[in-house]
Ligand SMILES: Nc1ncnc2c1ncn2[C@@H]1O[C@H](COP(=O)(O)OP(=O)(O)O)[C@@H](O)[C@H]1O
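Here's a solo chain for you in structure tokens, the form predicted alone.
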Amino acid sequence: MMTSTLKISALTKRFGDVAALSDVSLAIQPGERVALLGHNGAGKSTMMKIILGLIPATSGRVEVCGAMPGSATARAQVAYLPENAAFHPALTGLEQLRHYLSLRSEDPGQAQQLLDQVGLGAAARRRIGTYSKGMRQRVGLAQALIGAPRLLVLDEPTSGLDPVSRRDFYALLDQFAARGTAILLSSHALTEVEARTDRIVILSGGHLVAEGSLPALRRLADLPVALHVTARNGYAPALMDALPGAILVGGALHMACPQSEKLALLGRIAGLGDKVADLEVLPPSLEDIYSHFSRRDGQ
């Protein structure tokens, strides 16, 4: 049986009378990419701090690579990248990585290889003060990879990055996951994590309110499916008659149906034959699902 890289059991954290986390349980396997979602104050940062060993839990148990958070064993196998990674602007990327390698008692000669891994090899001898935000995030990822960590904890790692830099960043994470690195990623960019993670965990008010793959969460939320049907020229009235309840918007009929009725409705549309020019099926987005579970918890 595969051993979990991160295992959280009945985790509770209180600050005085305030429960930041309440009875949260979660496990992440090697190579798994897990998105941690939640509103501000949901408990995401508190969970990350406990995993990193920065603050203790009130109750419950956390195992990081089989060790206690903050222990020498756990610290050697966990890497963290904050939302805004800061480095000395006068140092080059190569000098900064050599410094971090020395602090970790690793060979400073690995610096160039790490920068090559994150796509900064050509800029290794440039001062970090000349780097873009995306390049600085790559330096942060390079230093996080020192020692080949088994768990990467990333807090809003693509904040402020342009679309190309975001795409490249997630491509790097895919490579690390393929090598067996477990990734816990906190983000408000729902459209990004929708396609680039294996599992989604939603916190609300300190409670874990939903967990699973995107298809599993869609089934659990049971939200309506949207369909857009484009009529061939002149057939819009006929489609309106055949599909009561549809709304005509610029030549396309917009409608929604429960998940349980989707196949039957698709069959009716297919039966309209040449009167239909195009059909688009829009399942609930991650934003829809996130809003559903957050509202369900009263937030």
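Position 1 is the first residue in the sequence shown; the rest follow in order. The shown structure was predicted, so the numbers you read here are calculated from the model rather than taken from an experiment.
Just so you know, the form predicted in complex with the ligand exists too; it's not on screen, but the next bit is about it.
Asks: When the contact criterion is heavy atoms within 4.5 Å, does residue 31 count as touching the ligand in the predicted bound form?
Replies: No - in the predicted bound form, heavy atoms of residue 31 and the ligand never come within 4.5 Å of each other.
Asks: Hey, in the predicted bound form, does residue 10 get a heavy atom within 4.5 angstroms of the ligand?
Replies: Residue 10: no, not in contact with the ligand in the predicted bound form.
Asks: With heavy atoms only and a cut-off of 4.5 Å, decide whether residue 232 touches the ligand in the predicted bound form.
Replies: Result no; residue 232 lies far from the ligand in the predicted bound form.
Asks: Would you classify residue 20 as touching the ligand in the predicted bound form, given a 4.5 Å non-hydrogen atom cut-off?
Replies: Residue 20 belongs to the contact set for the ligand.
Asks: Using a 4.5 Å heavy atom cut-off, which stretch among 63-71, 34-42, 261-269, 245-253 contacts the ligand in the predicted bound form?
Replies: Only one stretch passes the 4.5 Å heavy-atom test: 34-42.
Asks: Can you name the residues of 249-280 that have a non-hydrogen atom within 4.5 angstroms of the ligand in the predicted bound form?
Replies: Residues within 4.5 Å: none in this stretch.
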